[in-house]
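In what follows, one protein chain appears twice in different forms, each by itself as structure tokens: structure 1 and structure 2.
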Structure 1
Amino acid sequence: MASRVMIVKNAYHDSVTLMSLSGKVLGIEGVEDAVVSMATAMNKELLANIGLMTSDAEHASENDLIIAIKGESDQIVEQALDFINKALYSKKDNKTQADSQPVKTLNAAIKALPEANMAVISVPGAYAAREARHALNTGLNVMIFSDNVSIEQERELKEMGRNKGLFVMGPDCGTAIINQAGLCFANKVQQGSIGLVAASGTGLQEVAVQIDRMGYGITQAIGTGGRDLYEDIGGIMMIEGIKALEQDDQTKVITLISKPPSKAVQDKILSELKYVTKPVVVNFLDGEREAVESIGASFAPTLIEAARLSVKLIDPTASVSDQLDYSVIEWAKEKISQQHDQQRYVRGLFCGGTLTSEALSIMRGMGESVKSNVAKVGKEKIENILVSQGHSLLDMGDDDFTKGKPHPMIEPSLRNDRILQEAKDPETAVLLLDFELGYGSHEDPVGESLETIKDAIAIAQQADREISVIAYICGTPADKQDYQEQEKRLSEAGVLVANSNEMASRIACMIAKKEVI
């Protein structure tokens, strides 16, 4: 076994680049452990955990880069280092003479792009508010992908944006589609006349994708960040988004997506909607129907329902059936017939947080008791995220799982170990998985987990069990990853690919309950 730990002083690289690089280095045959990260306290702890802490590393500052490799031989370690160097410094080679000088300040960026109207900010949270403030002062709308921004800063920024008539999407805003341009994690969907405002990233993606599948399209998809409807913020961005869509001639229907806000914030949003002349669909997941309907808006309890209602408002003749296909029912029946009595539970391993919530809502609606790390009510909260019990739906993109690691939408392989763990559990009836396509997401999410899924099925078979694997691919045929190809590979491996997250959840639940409705 050989190892090497290097500290590169004052060499800042962004965490997404470094984390995906770490992942690639781990993929080199013979490499056992690899840390390529800035020397933050947390990353130093990671380093210590894998036994690679050195005194140099101990003294490194947050601005220094740690490169640590453990591998089978010196040769392997050298090979990995070489790979890292190439990955970190190759960009320079690709640059043409004309733009060989990197843009280092906002002023220089604006000089290079005088028409700039949007800043997408994904710097570490501690710095994000500062960058956003500069951008707003320069007259730019901002989308803040970064998380770990304080709620006070969020409020300050949103008030500042409101005063200036500028959008402040985020912090922790993963998805937006503005003028048909996908920002961060976004699918390529058709242009249409439904305007979306969402406090949820994958929720926004799913509604946009489902609208697209029904043959309709969107005007804008405005992200607000997950805390916009908290009382401290009071839905500032959602209200600004509603107003902007109300004024937008292209938008015919406005659809809001969020977890249910507190009563005070809900009242505020709903009272704002009284001034809106366009039809509005409100999806407060598991929220109260009466309050929404009392002001004349349509209430959607789930994401898919939000998509259906929105489409119906655009075109009352649209066919938006929630019926399961015959072939799907047959598949489910066959699976049920093959399963042991012991196999009673759905094990959902999700990358999308709101998709997890929607699955939870749907299974609860089917009378099941479900545990999840996204649950809001005490009895649904999972006790130990490392061990599934009963029906378990896990958002693997939650902080509990992603500390020091990339989000599984960027690195879906992070879910693989857990897939195998669930396959070994004799109580697992169904593995429920989601795959996100679109900008920002991994280039080949299915490819990252396909072999693991096959192994999982085989592991169960060796123990004389059949497990059902049901997947939902949140994506459109226009997404860069090639939807058809992703679907085909899953189907060939024996995975049922459902048309929506809702359908995937329903079938999974039916198989686990062993009753087809």
Structure 2
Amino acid sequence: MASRVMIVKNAYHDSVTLMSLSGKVLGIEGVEDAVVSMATAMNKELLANIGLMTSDAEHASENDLIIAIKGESDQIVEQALDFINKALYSKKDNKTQADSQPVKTLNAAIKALPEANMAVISVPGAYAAREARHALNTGLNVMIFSDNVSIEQERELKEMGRNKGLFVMGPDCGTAIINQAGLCFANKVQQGSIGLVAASGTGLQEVAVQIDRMGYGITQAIGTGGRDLYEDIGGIMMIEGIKALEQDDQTKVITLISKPPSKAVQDKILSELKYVTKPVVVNFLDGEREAVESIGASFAPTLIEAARLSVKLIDPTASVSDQLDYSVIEWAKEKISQQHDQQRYVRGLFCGGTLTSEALSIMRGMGESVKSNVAKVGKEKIENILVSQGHSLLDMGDDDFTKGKPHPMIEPSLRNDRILQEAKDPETAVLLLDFELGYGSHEDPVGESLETIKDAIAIAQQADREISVIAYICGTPADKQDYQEQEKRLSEAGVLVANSNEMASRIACMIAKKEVI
């Protein structure tokens, strides 16, 4: 076994770039461990945990880059280092498409692009508020991809943005589509007349994708960051988003997406909606239908229902069936007939946090007791994320799984070991998986897990069991990963590809319950 640790002084790279690169390095044959990250305290802890801490790394600052590789041989390590070097630096001497050189500071970026009106902040959390404040003071709207920004700083920035008539999307905002430009994680969707405001990244993606599949499109998809509906923030940016879409002539329907806000914030937002003249759809997972409908808005209990209602408000003649296909029902019946009585549980391994929450809500609504790491109710909280018991739904993108590692939307292979673990459990009836396409996501998410899925099916069969694998692909035909090809490979492997996360969750629950309804 060989290893090497390098510290590159004052060499900042954004976290999205480094997470993606780390995943690619781990995919090099013979590489056992790889850390390509800024020298934050958390990343130093990760370095120590894999036995690669050095004196230089210990004294590195958050502005320094850590490159650490452990591999089967010196040759493998050198190969990985060469790969990293080319990925990070090979284009540094080349001009960009805009015939300009890369810049290292916000001031330099503003000088290079004086017409810009949006700054995407992706720096260590300790510096994110400072950079966002600077961007706002120069008249830029802000999207803060960074996390680890205090709630006090978030409120200050959002109040500042509101006072200046500027958006502050985030912190920890992973998705937005502004003027048809996808920011961070986003799908390629049609332009249309539905405006979205979401305190949920994959929730926003799912609703936008479903609207696109129905043949309609969006004007804007404004992300707020998941904490915007906390009482400490008070829905500042969701309210600003509502106001902006109300004033936008192209927007005919406004759709809100979130996990359930606090009661006080929900009341505040619903009070604001009383003054909106356009039709509004509200999708607060596990929200209060009666409260929403009492102010004249439409309540959507699921993400795809939010898309359906939005489309119907645009075009009452639109066909948006929610019925299961006959072929899907027959597939489920066949799987039930092949499974043992002890196979009773759904094991969901998700890349998208909101998709996890929606699956939890759907299965709960079907009368099942479920454990999850995204649960808000104490009795639904999973005790040990490393061991599934009963129905278990895991957001594999949660901090507990991604500490020092790329997000599974960037590197879906990180859940492969867990897929095999669940397949070996004789009580597992269904493996429930999601795959996200679009900007920022892995270039071939299905390909990263396909052989593992086949192995999981084979493991069950070798033990005289039949395991059902149900997948949902959050994407559109226009996404760069080729939706049709992703779907084809899963189907050929014996996986049922559902047309929505809602459908995938419902079918999974039916098979586990051994009753198709």
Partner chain sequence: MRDTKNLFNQPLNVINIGTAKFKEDFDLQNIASVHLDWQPPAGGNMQLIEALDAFQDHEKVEQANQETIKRMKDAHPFLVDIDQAREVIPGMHSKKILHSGPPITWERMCGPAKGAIIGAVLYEGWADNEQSAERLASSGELEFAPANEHGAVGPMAGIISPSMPVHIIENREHGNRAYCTVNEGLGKVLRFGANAKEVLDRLKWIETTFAPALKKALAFTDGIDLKSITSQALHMGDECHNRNKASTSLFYREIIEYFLQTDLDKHTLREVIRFIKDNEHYFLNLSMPACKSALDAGQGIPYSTVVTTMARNGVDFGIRVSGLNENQWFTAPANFVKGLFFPGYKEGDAAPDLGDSTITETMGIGGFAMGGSPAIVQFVGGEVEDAIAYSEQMYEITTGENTNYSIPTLNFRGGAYGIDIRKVIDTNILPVINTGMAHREAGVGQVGAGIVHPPLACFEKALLAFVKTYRGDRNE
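Here the rigid core means the biggest group of C-alpha atoms that line up within 1.5 Å when the two forms are laid on top of each other. Structure 1's sequence is the ruler for residue numbers, which start at 1. Given the structure is predicted, the values throughout are model-derived calculations rather than measurements.
Participant: Which depiction, structure 1 or structure 2, is to be taken as the form predicted together with the partner chain?
Facilitator: Comparing the pair, one sees that structure 1 is the form predicted together with the partner chain and the remaining one is not.
Participant: Classify G440 as shifted (yes) or not shifted (no) between structures 1 and 2, where shifted means its C-alpha moves by 2 Å or more with the rigid core superposed.
Facilitator: No.
Participant: Aligning on the rigid core, do we see the C-alpha of E29 shift 2 angstroms or more between structures 1 and 2?
Facilitator: It does, since the E29 C-alpha is displaced 2 Å or more between structures 1 and 2 after the core fit.
Participant: Would the C-alpha of I67 be classed as shifted by 2 Å or more between structures 1 and 2 after rigid-core alignment?
Facilitator: The answer is yes; the displacement is at least 2 Å.
Participant: Enter the rigid core superposed C-alpha shift of I7 between structures 1 and 2, rounded to one decimal in Å.
Facilitator: With the rigid core fitted, the alpha carbon of I7 is displaced 3.6 Å between structures 1 and 2.
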